[in-house]
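The chain below stands alone and is given as structure tokens, in the form predicted alone.
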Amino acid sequence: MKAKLTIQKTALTAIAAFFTLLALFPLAWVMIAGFKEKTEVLSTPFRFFPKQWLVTNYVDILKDAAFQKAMLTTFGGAVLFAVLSLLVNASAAYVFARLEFRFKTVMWLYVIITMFVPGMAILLTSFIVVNKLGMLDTFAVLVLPGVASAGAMFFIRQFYLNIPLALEEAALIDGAGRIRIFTSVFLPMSYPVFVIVGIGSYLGYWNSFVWPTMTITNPDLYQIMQYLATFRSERSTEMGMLMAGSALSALPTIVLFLIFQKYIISGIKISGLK
């Protein structure tokens, strides 16, 4: 029996390792391709490793002022977007989880319905709205339209529903108002769910391409995905630099996961308080 369990465990480990390597292969290839000459990246027959390792592509892309600006602009926007997303969605989640008011059920159903509307379906109408508001080619058009998220509200609300009501009642007895309860009781306990929602918001902003392409034409506000697409169309022969830029654009996300991996794993299943 013990031998059978050992064989099963070994087999599962091997399968997990195989799929892990399969998932990491594209990223590894992009990083290694950044060390190749521009004519070698797409050469045939295919070679995974370069004939000669060169750091020129990474040095040149790091010296590119447009790449530096795109990385900094995207990182700053992603952090701001994640913070605003947590603030807005956590506030709304607390209202729907703990407060009682007229038409609460109807309003919550309306919020939930928006989860089933594809983003592409409202892309044109969203563009018309931001155009009429004069937000095109501004930093605000990249951050504000997507801050409120029904999915994030739902996720945080479920977490708040599991917080014991006794904590809130004790705070009310002590004379604390709703805002004080939210900031002093709920927010400090929200760390696990905030990590999940915050990273999701950060990644959603970092990887966005269609919306920035539609709303931003000023090169000073280019996002990193928009910059890489422009680089590919304007400098298609410099594939080595493109691979180096793509690899470097993935580093902030990788570092983020390495820092918060423990909290991501523990926060995937929110069990509440016992």
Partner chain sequence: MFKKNYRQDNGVAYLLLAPIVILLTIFVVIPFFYSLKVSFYNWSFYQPSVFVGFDNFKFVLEDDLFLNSVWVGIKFTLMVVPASMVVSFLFANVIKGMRKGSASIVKTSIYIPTIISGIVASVIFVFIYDYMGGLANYVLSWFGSEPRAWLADVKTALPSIAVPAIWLGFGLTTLIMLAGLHDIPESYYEAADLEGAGTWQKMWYITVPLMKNIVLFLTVTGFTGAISQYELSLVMTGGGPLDTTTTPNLYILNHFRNDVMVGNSIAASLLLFVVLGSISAIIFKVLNSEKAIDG
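Residue numbers count along the first chain shown, from 1. Quick caveat, the model's predicted, so the values are computed rather than measured.
The form predicted in complex with its partner chain exists for this protein as well; it is not shown, and the discussion that follows is about that form.
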task = Report whether the minimum heavy atom distance between P26 and its partner chain in the predicted complex is within 4.5 Å.
result = yes
request  = With heavy atoms only and a cut-off of 4.5 Å, decide whether F139 touches its partner chain in the predicted complex.
outcome  = no
request  = Tell me, yes or no, whether F75 is in contact with its partner chain in the predicted complex, where a contact means a heavy atom of each within 4.5 Å.
outcome  = no
ask   = Looking at the partner-bound form in the predicted complex, is S190 within 4.5 Å of its partner chain by any heavy atom?
value = no
ask   = Taking the partner as it appears in the predicted complex, which of 63-71, 215-223, 243-251, 50-58 has residues with heavy atoms within 4.5 Å of its partner chain?
value = 243-251
message = If you apply a 4.5 angstroms heavy atom cut-off, which residues in 89-111 are near its partner chain in the predicted complex?
response = N89, S91, A92, Y94, V95, F96, R98, L99, E100, F101, R102, F103, K104, T105, M107, W108, Y110, V111
